[in-house]
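Encoded as structure tokens, the following chain is the form predicted alone, with no partner shown.
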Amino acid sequence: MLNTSVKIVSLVGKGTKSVRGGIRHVNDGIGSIIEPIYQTSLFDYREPEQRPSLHGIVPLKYSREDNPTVHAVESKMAELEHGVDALGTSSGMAAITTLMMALLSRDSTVLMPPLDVYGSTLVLMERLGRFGVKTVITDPPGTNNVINSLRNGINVVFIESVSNPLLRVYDIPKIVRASREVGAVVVVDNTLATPMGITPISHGADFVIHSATKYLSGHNDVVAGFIIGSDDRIKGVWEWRRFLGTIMEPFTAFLVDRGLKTLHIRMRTHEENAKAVAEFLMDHPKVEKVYYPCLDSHETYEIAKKLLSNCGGIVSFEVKGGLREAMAVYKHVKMIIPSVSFGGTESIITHPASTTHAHWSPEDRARAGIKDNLLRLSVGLEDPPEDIINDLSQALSYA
């Protein structure tokens, strides 16, 4: 029999929540200790009144609406992010799109630092303009500029807890307090920081979104996302996920849950390795500037010190020279993988100006501080001195 309420006692530690948190859906006659994969599109609906309601909205009947495997990892994410509920989606952009469809209507206004958010998020907001949605941009980026741009009529404030690729940390409690004064909903993209670094809902945020493709799954083998809500407004988001069909697939949910079980350990090692790499780059004669939140030279170091319990595994740096010198380093790494994305076990190097931010104009990239000589390194779980740093050292010799 499907049991929808198997839940361990209230858990405290983030590591324990990563491994054991959430609600399990198991066949009690089998005794599996791992959440089964309910790879089915529909469920027996002979007696609807006896069917479980996973999110307390409708009885379980169709996997476009709900699925037990997906719900298991959703409930774990809700615990990790201190939310009342979470929704799994087919990608990080599906999470953002679904949430925006639920929150916005014609003449709604979104405030965001567009030069400090994921590029596709900015494009989405611009295209929602055809439906009457307005976007107020803060330029230059930063906590104070977000607050100074707040006014009556702003409906949603969208920020990243730690921005990509320059790793600016936003003062979420400060932004939340200012947003409350004008009645704006605060949405925080917590992909880069993860709940091991910060839990924005604990600081007053209304919604948190994730690209679970990155650190949460952690192995570069799935595409997925999450929306976590601080209150019952998440039920309205569930309705939009049902309409849009953006629910996470069961097997993807199984892989994400497996990744979450080691999240606390992986993030600890990612941070240790990133610190070692950042220190190496700081002293390298061919490196002009290093960006890492835990460096006291970073512009948001004081905010990072106050809010982050883990500084993450991303290090960005500028190679002395220009595009030619940066691309020489990019093309000559051997073990490190030249590609896009971040958050996996493998170290990946990215040239933002020609990949993740290639669709931006040179002027917008310049205003955002994304120079042609900037490289972003997602520091993996390999041994830092023996392999990651050695590979960087030999690649930098080509600059």
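As the structure is a computational prediction, the values presented were derived from the model and not from experiment. From 1 onward, residues are counted along the sequence shown.
Not pictured, yet referred to below: the form predicted together with a small molecule.
For the options I96, A72, L111, L122, the one in contact with the small molecule in the predicted bound form, meaning a heavy atom within 4.5 Å, is I96. Between the small molecule and the residues K76, K214, R241, R266, the one pair within 4.5 Å by heavy atoms in the predicted bound form involves K214. Taken together, the three residues D189, L192 and V223 all come within 4.5 Å of the small molecule in the predicted bound form, as judged by their closest heavy atom. Among heavy atoms of F254, none comes within 4.5 Å of the small molecule in the predicted bound form. Residue contact with the small molecule in the predicted bound form: Y118 places a heavy atom within 4.5 Å of it. When the small molecule is considered in the predicted bound form, S91 lines it closely, a heavy atom lying within 4.5 Å.
A residue is said to contact a partner when one of its heavy atoms sits within 4.5 Å of a partner heavy atom; N164 meets this definition for the small molecule in the predicted bound form. Just one listed stretch, out of 258 to 266, 223 to 231, 287 to 295, 243 to 251, contacts the small molecule in the predicted bound form at the 4.5 Å heavy atom level, and that stretch is 223 to 231.
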